[in-house]
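Next up: just one chain, as structure tokens, the form predicted alone.
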């Protein structure tokens, strides 16, 4: 009888691990426990469910990319409730128990819902995290005319544009001085803000919501901390996420802003591994512990975990800071490493045009590239990622990095 592998969470990390395990172990028994009713899917695609450009069948993982291995049992609607590390058993909310030899925690995260905002449990309030959320927003948008987005992060922006494409009015309420505050300093966001304004998104900054107002049909408005109110029929909350670790309560496993992961993706418990945005990894630029919610990082870490679970000892090289590559209002954006430089001593070089912005960040002594931000023109961004992640010697190429004339030929050995 083959080794028993249990994966808690049908996320990108969990499914990447499952398919990697199957490649390395043809006889093992692989069970994925997912608390969602839908089979695993490409989470970055769910905004397209809102505007109708994609159907659920279009975004399922099975048979796509690396997700092509067979013999994997995916049990949907089976969320983990508790773990017994002594007996090596996972118990689900329905009371069913699963034995394991190796286990992976890839349970992802849940939306953060601020306690100081009343009424977030009202009908018509969503947090775009799951396929079910997207389907609910699509249905509500059929009768809504105005939507309020609480938070100015990437996911809320994508949801906002999906709704704008359906001809709804959308207002984004952001406590920070500008949108995308996790990816850049406020003064760096001007090309994005211009594009958002031109696209018809109404943005209010420096303001917080205090209450979601309701009537017999659910959401009917939002009250703000300046005393004003905005009439609306739907609210989408994008205030960040928290790692989903509740099923581990009562255990001795090490948790610090997420599940601790050693360089081989193993937790503090033998034969238990972790990957994805529930895991705490090491940022190779700062050396600090960090949690990432990026799809690509989750897949990379899941593959690494799958290799380690099958005995192929593999080091996870780490999550590269707040790296993100996306497109907002038809404007491409890449942010990587350390890009928040306000009131810092980092050596910073910025260049802007009417449509583009570039910011290059070096260490305080100017000897190492530690961050880069590209908006509008992202050409050669991959080279900068390579230099940051590999901590490459920049002697002789620093001016090329600053002037954006660097190319891979600069790293060819003579």
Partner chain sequence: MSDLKEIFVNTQHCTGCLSCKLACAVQHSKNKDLFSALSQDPKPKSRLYVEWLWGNTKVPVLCRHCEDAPCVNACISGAITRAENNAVITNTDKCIGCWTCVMVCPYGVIGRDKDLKIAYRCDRCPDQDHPACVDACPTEALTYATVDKFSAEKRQAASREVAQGQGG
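Residue numbers count along the first chain shown, from 1. Computed from a predicted model, the values in this text were never measured in an experiment.
The protein also exists as the form predicted in complex with the partner chain; that form is not presented, and the subsequent description refers to it.
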4.5 angstroms heavy atom contact with the partner chain in the model of the complex for residue 363: no
Contact test in the model of the complex: residue 44 vs the partner chain, heavy atoms, 4.5 Å: yes
4.5 angstroms heavy atom contact with the partner chain in the model of the complex for residue 382: yes
Exercise: residue 282 in contact with the partner chain in the model of the complex, heavy atom 4.5 Å: no
Listed range touching the partner chain, judged in the model of the complex by heavy atoms within 4.5 Å, from 237 to 245, 266 to 274, 291 to 299, 144 to 152: 291 to 299
54, 64 and 326 each touching the partner chain in the model of the complex (heavy atom, 4.5 Å): yes
Position in contact with the partner chain when the complex is considered in the model of the complex, options 252, 215, 121, 330, heavy atoms within 4.5 Å: 330
Contacting member of 164, 117, 303, 230, with respect to the partner chain in the model of the complex [4.5 Å, heavy atom]: 303
